[in-house]
Every structure is written in structure tokens, then in C-alpha cells.
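In C-alpha cells, the next block holds one chain alone, the form predicted on its own.
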């Protein structure tokens, strides 16, 4: 799709607040906002951040057209002076973000926006819309792929996605999360990712006899011949007819690089085991058995435990919609403010719900690895100016239970800063990798996690600490508010 202007893809209150800043002459105050989330989706032990490329495109194309101004004027709630100001609006600030495909944890800034409050406030809704959706689907895909172990997983959900954008960008995120290909041809074209598919029941039903449908399909696609065998009678008719066609192809000397059957209904464990026996007995040991039918990570894992003879999984509805967890829950909160000529002042949001109390100040995320194994030890959310000397011992704590601590010995750990520059003074300074490269990077990221964090059910919680400076800043600000 051609680049779209998504400037008006926002909540009305962003514009009303902007007018308030404009009318009160505070629109040049510089602020810092953090985009983060509070809980991992689907009860997972991690999330995979995704959607940065589309967020960059949005910021690059941010402007109000004459038509936009005309529409806003028709609402009769905005002043002429404010609307005129919008004609020259563009993003002029800085953005740092964690690269797509990175494993992340709750409360870590996935994106940090430093800009005039007028600009930083306005982009909240659209950034959340983009990052929330793709991070959700990428994380769900990683769970599905893990359940399938070494098998191939295909994303098949376009027809069940919540509209074209969810189908397109959801498929993109699913591939980043680990899916090997998508059925979505437009996603394949836009992002140069593999596409895959077989045929529908209607193809079989359009022929007088099932075997004729199979023969016609095999003639068209001899090197990618996956036949759907459950239109009528899976074991009594479908599999035998598929075997007959495979026999004919082999007798004709046709090279069958990738062939097999697909099951889309019934007891997939039983049917796949019976079909495997039938295929093997007929000399087609290399034929693939694929399956679809409302699969998710739990069903795939259970089928694997039952010994299902399936090595290719087509996952649709429950992946593209993240059926068990339909939202990511990312939020965007003010962390610091600087008035003209002043210093940045940390800001904190206080709530009766402890988990909603924000971390103040301009922050960064430091990821600490075991130097020997390369495995992730802990993430540290720190203030921007803080550094870690790896030649010194490092003590990290659980911010919710400070008596729980871990000592990392000097020289036995490495540190990586996760946030990287994306925009500087409104100019993009970052080049997004290709989707398949992000997919490879995400796979490497997952390898840095201990298996305990990757369990589908009741995973261990990965340690995320606040630096001492940040922790005590937060405590001082909370105490100050309590005494006012």
C-alpha cells in the first residue's frame, strides 16, 4: 500500500489538549513521554516488541492537510488561530526505541519521546495503536511457534482478522514472531516475506469426484502439492485418493519436492497417526501431514503430547486475533518536563493501584547478560545519565521486595543498552531492517532466555530492577506527595 497520512488517526482529546497548550502558551515546553506496558500478554514470560517501522512511517508523514483543517473547522470546537497553527505542524523532537524483535518486559520504555509537549502529546494514540497491535501478535506467534517445536508454522488468519490493516500488519508481526510464512499475499508483497497456501474444500467440491480435484491440483502444482483430504471421508476416501495421485506422480517421474496432505477437521491426533501409517505403507514416507482447524499454542502442544504425526501447522483465527488476550495494554505516560530555559523535572503519576504508579525521569533500559552463557540475567531500568562499570560487582534487587537481591561478579557479565536513536530533531536517523532479518534477530533474542521464562503456562518472571538512583528518586517523589 502507498504511504498514508494517518495524522487524524487520533483521539479527539489529543487535539483539544493541543489547543489548550496553544492557548495557554505552554506548547514549547519540552517533555519526555515513555511508551511501555504493564503485563505480558497471554500470561507469557516476555513480549516481543514490534511495529517500529510503521511508527516511523507515521512520524515521517505527520502533517495536517487542507482537508484535515477544513474538517476540524467544521467541528466548531477549535479556534481559527489554533487551526492556522496546525498548517505548519510537524514532528521536531527526538525518539529512541527498542528495535523490533527484541524480547521486552513490563514497565520498560519501548519508546521514549522527547519533544515539545504539543508534539509529544499528539502522537500518543497512533503510536500506541501501532505498537500495541503488532507487539501483541508477534508475542502470540512466538508462543505458537514454541509449542510447535521444530515444525513449520504458517500464519493463515487473514479472513478472520479485524479488518485489512489487522490482517496485513498482523501477518507481518506473526512472521517476526517466528511464523515461517503467511497466506496473506499483500503482506508478502509489501514486506518480502514468504507466502504459502493449499486449496479449499470448494476446490474439491467443484469436481465430480474428489480424485479428479486432486489430479487437477497436482498437475498445476506438482512441486507444492498439499491435498486437503477431509472434504468427505478423511480415511476412507481422502487419504486413499491422495495416495493414488502421489503414486501416479511418482510413476510419471514427476519430482515432488514438497507434497502431502492437510487435515482441517476431526480428531487431528488420531487422523494424523492413521494417515501417517497409510502414507508410509504406500511408500510415501516423505509426504508431509499438515493441519489447521482453530489451532493455538495450547492445542498444538497437546497434540504433540498425544504423538500427532503433524509437522506443518496452519494457524489462523486464534493467532491473528490473539484470541485469549485481545489487547497488549501499552500506555504512554509523562516522565519529565522542562520549561523554557530550565532543567528537566521528573514527573510521576500516582494511583491507588500500586502497579499504575509510574517511574519518573528520563530513563534507559540496560540488559545484563551472563558473559559465559550469553543468557539474560536481568534488565535494569536506570536514569539516562547512569552508567555501569562491568569491572565492578553489581547488586540488583526486586523493586517490589528489595530484600531479594542478586550479586553479579565483576568481569562475569556484559551490559547492552536497549533504546537506540530513531529520530533526532525531527529527522529519522534509523533504517528499519527487512522483516525476515527482524525474524532472525527475534529468534536470537529468544535464545537468550532461560527455558523457565518461555513456558506456555506459569512461566517464571524475568528479573527487572530499578537502579538505586531511580528507585530512591521514585521513593522521594512519593514521600513528597504524601506530605503535601
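Numbering follows the first chain given and starts at 1. Worth saying up front: this structure is predicted, and the values here are computed from it rather than measured.
Not pictured, yet referred to below: the form predicted in complex with another copy of the chain.
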statement: Per contact check vs another copy of the chain in the predicted bound form (non-hydrogen atom within 4.5 angstroms), the hit among 367 to 375, 74 to 82, 381 to 389, 105 to 113 is 74 to 82
query: Looking at 159, 87, 250, 404, which is the one with a non-hydrogen atom within 4.5 Å of another copy of the chain in the predicted bound form?
result: 159
statement: Picking from 99, 188, 222, 178, the single residue whose non-hydrogen atoms come within 4.5 angstroms of another copy of the chain in the predicted bound form is 188
message: in the predicted bound form, does each of 24, 217 and 349 have a heavy atom within 4.5 Å of another copy of the chain?
response: yes
message: Considering non-hydrogen atoms and a 4.5 Å limit, does another copy of the chain approach residue 57 in the predicted bound form?
response: no
query: Taking the shortest heavy atom distance, is residue 205 within 4.5 Å of another copy of the chain in the predicted bound form?
result: yes
field: Non-hydrogen atom contact residue 478 with another copy of the chain in the predicted bound form at 4.5 angstroms
entry: no
Non-hydrogen atom contact residue 330 with another copy of the chain in the predicted bound form at 4.5 angstroms: yes
- prompt: Quick one: which residues from 318 to 345 get a non-hydrogen atom within 4.5 Å of another copy of the chain in the predicted bound form?
  reply: 320, 321, 323, 326, 327, 328, 329, 330, 331, 333, 334, 337, 339
